[in-house]
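So here's one chain in two forms, each on its own in structure tokens, numbered structure 1 and structure 2.
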Structure 1
């Protein structure tokens, strides 16, 4: 240990007591935000808790407590504590790893909890070779040194595992660094570049495109630098009426031209859990908005003429090029979703037909002038969440480091084996074997016993 007096500020931040205190305080204060609903409009808190309590809450930032100055301050303090604590202890661990274990006094070996004496009927030099090769065959590569009265051999395994806990500590810092890099607030206020990292959303009606998104919270418009088009949106249902799939077919456009994506295609099917990433921007299927309008495709099976257009309900549409007039005169809905529509249809010969058809399915209409195929589909807008998070890979690397570090810190140990050999009589060598482990002592004791046992045989 260093003899010079520690700076009291440094000592404060290096203390485990502070770490324990911060862990308890972080755990305790985190509860608040699970009980008080977060990010509601100011009016909500007044209604729920009364004007004075609400004002007090606003001052403490409770409505957005995980971003409040004091909570972020606690996290910062926690990081500082983590860094100082680790810096304070890493040199100690380093000394344990690099220690000259061949300098261990033989008397100390005689006092170790795990030790055993073995008699080999060989002279010292030969016995030494035998012990060293026996240990080596079990993965213990020994170093040797001639000491007073004999020879000392030493080998260790897993010395580096003493750093496992610091891998965990570093991983937490890496994760938080990733969170800072990916934070829209940092991008906006500190980097002054909202495009660097953002979270937002955009509603795109079918057949329309967007080259911007609206940022969450600030409601700023953020330009993407490219265009995304919604080709169509559809909902599939289970037999019991529960939604099964929300699906958007989208195309990325640069300078008005479709871009070929990594999979070699220009279109991509966006589903929940199946996002699309392009130029660091990720699109997630998040919501949808049904419209009262319909996309109608009508084909004259006799002439082959086809036409597709967006039309409103309740209006007569005349398409002379197809040779027909039609309109949507009734709807059967489930919520805002139209399941069936009633069609009025005429080819201007004979009486008009009236009939129900399912949306999204092709229907064949038999008329005096020939057959028509009609398809109606309700017009939707797809709601996409759009995220650019350049820090997410830091977070993932940090998570991987954490699991690795925990594995090392808890389940791997630093094990040492010494062997002190001295010739007691001519041609007879006494071997004192001793060992230690910083974790799982019981397991090590068994290993040690079998190591020694097989040497005796």
Structure 2
């Protein structure tokens, strides 16, 4: 009888060679996506690689490679290959799991590599109960059938482990589904809803707020549906002027009111590797931008009047409610960082005061009208990277499934045990024990030997 010829298209997509080829191609292209910076402005690629190479890269979508049409096409082909491979092989695994093992010929048991004969000095019925009870005590639940003048017992463990590899296949599909759901390209071009999933950034000066971000690559303005305010930004520098650590104190606002976050507070300190997530939108501390302006806080110690405002350098500021006028007339800088400022200050009585003050430090100014406290701080904007990825939970679930599938596929096996009992003499029963395992056969042999040895005692 000739074998039915497979459909060539089906055979192509069911090929393991195709799966390996696609894995190598995806791995190779992922290296390119790692080496080439992603989602940078077009001018960046012109400066780095030249105009012609940059134009070629833009046509291939390399600056946003993981959302490019050809990369998504490779993923789709890989998904199709996984599905067809699984559909091709699952029926065979199902047959192995559900087959009638009590129909196994006794002659086949006698030829198995793992087998042992044991003589029990009991009649067949009594020996059958003893063997079944012994196997049950070791976790082997047996089935029974009368065959060839004797009795055949069968038990198995881990039959479902034959599906471990298909759990891995499914996990990959779930992870890729999560990646598609969280893809800004899919949200923009297919769902026509850029707010559904996006990656972008926003620069928020201290004391200012924003209710939008600028999308990477398209530079499209995307509304958040709420407001985030930068209350404060601080940065520490090394002695050579290089940034050491920095963080932002931010507040989420809804209808102009602060929102209580999960930790019960209305503010959150954003640090590198310590993001904030609200309504599925995650904010990461990514960068900062120093400005030439300053945040100045002035308090009249006599009246208690206090005022904080952003002021430019080189300009006289008049605050009648505080009873003073002042200005920043000089700065001491290291790169873009202002270390000290020189202040001109007057309460319109006697000669103005002139003095240097370190930024972030408070100065007490003694004047004829009373004392004033003054603190200056260079104005910074916090640079936030913002993402909304509704598919992230699919990715987490898929990763969990993959770990489970790998555990099953590599460390668990389908084990089978048969026991054929027949009487050779009256009152004596010969038990032929045989077993098989689809993986870790050496380990199974040890367990089988232990099982047989304990029956002989």
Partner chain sequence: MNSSQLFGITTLAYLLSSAFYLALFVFKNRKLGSVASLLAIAGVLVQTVALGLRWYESYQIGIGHAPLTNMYESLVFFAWCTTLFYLFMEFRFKARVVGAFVMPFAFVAMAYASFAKGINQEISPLIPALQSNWLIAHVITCFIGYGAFAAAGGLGLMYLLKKRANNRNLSAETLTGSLPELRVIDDLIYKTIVFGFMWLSAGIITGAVWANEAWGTYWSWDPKETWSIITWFVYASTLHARFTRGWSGTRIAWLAIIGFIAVFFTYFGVNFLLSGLHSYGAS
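Think of the rigid core as the biggest set of C-alphas that the two forms share within 1.5 Å after superposition. Numbering follows the first chain given and starts at 1. Since we're looking at a predicted model, the values are computed, not measured.
Asker: Pick one: which structure is the form predicted on its own?
Answerer: The chain shown second - structure 2 - is the form that fits the description.
Asker: By the 2 angstroms cut-off, has the C-alpha of residue 190 moved between structures 1 and 2 once the rigid core is superposed?
Answerer: Shift at residue 190: below 2 Å after core fit.
Asker: Just checking, between structures 1 and 2 and with the core aligned, does residue 437 shift 2 Å or more at the CA?
Answerer: Comparing forms between structures 1 and 2, the residue 437 CA shifts below 2 Å.
Asker: Quick check: residue 420 between structures 1 and 2 - does its CA shift reach 2 Å or more after fitting the rigid core?
Answerer: No; that C-alpha moves by less than 2 Å between structures 1 and 2.
Asker: Core-aligned, what's the Cα displacement of residue 240 between structures 1 and 2 in Å?
Answerer: That residue's C-alpha sits 8.6 Å away in the other form.
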